[in-house]
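The chain below stands alone and is given in structure tokens; this is the form predicted on its own.
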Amino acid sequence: MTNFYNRRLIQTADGSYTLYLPEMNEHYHSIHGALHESMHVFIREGLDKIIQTGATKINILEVGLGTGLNALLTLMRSAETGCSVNYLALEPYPLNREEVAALNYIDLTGEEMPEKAFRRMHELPFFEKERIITGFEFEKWHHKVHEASLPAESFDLVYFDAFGPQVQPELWTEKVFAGVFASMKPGGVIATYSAKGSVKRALKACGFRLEHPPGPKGKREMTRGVKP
């Protein structure tokens, strides 16, 4: 049985840290830059696309909270733009306090405000919702995506940041994406780092209209889906 808690701290090419699972040879973020990847895939090609529509209240689902980097960057963008975010994260393998403390994201962002917020998102008990800062409500569930009972037509944006299809293929199936599709509002966006053919076919089969923006460093493209 795979031990998802046997993790090592690794520094990526842009100086930001990620975690490494040696049993699976899998990293939580790109070794070409954890901070760069999250900013590119989930903020610029995900959240910013929703903000550009004029939305001021955004419901976000994250599949795979992991290090919390996507949530931290989203909180910061929310504060910058004044948009209100309601954030639900799914995480079956939470980090411990030592792992959270070792991450250097706060130092790299150069912002003091998010430090307490970042710690609080990790420390907050599962299934409890809390206002982390003004305009940012946060909740996390101790579930894998196929175990969660997601509310119908609720999310404007989905960050699909689970471990890769080669590690957890059961999370990247048409059945799973159909459940995510049903949980999204019409016009909602799903963003993921994966551009694997089987992932794109599964998304398309569920009804998503696919877009293929350039990927972050080290990847030719990423995948973005829009619910008609």
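One rule holds for the numbers: they count along the sequence shown, beginning at 1. What you see is a predicted model, and the numbers here were worked out from it, not measured in a lab.
Although not depicted, the form predicted together with a small molecule is the subject of the following passage.
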| query | finding |
| --- | --- |
| 4.5 Å heavy atom contact, P151 and the small molecule in the predicted complex | no |
| Partner contact for P92 in the predicted complex: the small molecule, 4.5 angstroms, heavy atom | yes |
| 4.5 angstroms heavy atom contact with the small molecule in the predicted complex for R119 | no |
| Non-hydrogen atom contact H27 with the small molecule in the predicted complex at 4.5 angstroms | yes |
| Options 194-202, 177-185, 57-65, 43-51; stretch whose heavy atom lies within 4.5 Å of the small molecule in the predicted complex | 57-65 |
| Within 4.5 Å of the small molecule in the predicted complex, all of V145, A162 and Q168 (non-hydrogen atom) | yes |
